[in-house]
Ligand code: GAR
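A single chain comes next, written as structure tokens; it is the form predicted alone.
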């Protein structure tokens, strides 16, 4: 895999990734470093003969020209993943549009706690007993993308004495330098071989009202996905036409207006879909945010519930579920 790293500072995580690649622990190539200013990370790149690009937003009065320039430079590198390593700038939505679920970040706290800057100091000042490190996908919201990995660190009483914050920072950085290459290794060397996606997100008019919930980012991800793709609509699978009455989850049951309890029909349909995933080793599911049939969050859909019950518990399959709002 081709990794393009973004950095703004000293580049310690960048260096950890480069060293992991040099030692063949990480079987991916660091193809370039992109910075938003002159910074010490550039010296690490120079030492390792890694090309460097500097794109300073302040040099562009027109934001659209800055974004176009940024995207043009990224495309020339042809990255498989963009890795943020202390890049202290919010990425434009246009970049995420081009690389959904392909931008990774590391954050020195247990997200969603203490997002943004100075997270280690915030955790220290708050008096929490446990903090840690989070590796996550990047979306439009600050430090809010789907979590890939987390490691916990207990703040001991000894650490609270003199130089405690400095000790905490050192421990956090040690975790970062280990967990980041490990997470990248898992993503790149154990890729998802199956994508399950809600049919309406691909533009198919299968919602209860006859419409779709087309997501351009989902379409972009599908276009670049290398593996089996299973598009689903449990309600269609259960035999309900388009358009159809609305369905709600009430006390854990799927209740269709004017019809009644359709939970069993939806569960049977969902289990048929799950049977089509036989042989899959690592599954990514991109489902609707809220839907009684396949939604990820409140109310959780029947399909998501069946996946968690059938695949995660009984078969131990690797399943990673996100909503279109997570992209």
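Numbering follows the first chain given and starts at 1. This structure is a prediction, so every number in the text was calculated from the model and none was measured.
Omitted here: the form predicted together with this ligand. The next part is about that form.
- The stretch that touches this ligand in the model of the complex, counting heavy atoms within 4.5 Å, is 173-181, out of 232-240, 203-211, 173-181, 69-77.
- Here the marked residues 88, 106 and 116 all reach this ligand in the model of the complex, each with a heavy atom within 4.5 angstroms.
- This ligand is not drawn, but in the model of the complex it has no heavy atom within 4.5 Å of residue 309.
- For the chain shown alone, residue 9 is a contact residue for this ligand in the model of the complex, at least one non-hydrogen atom being within 4.5 angstroms.
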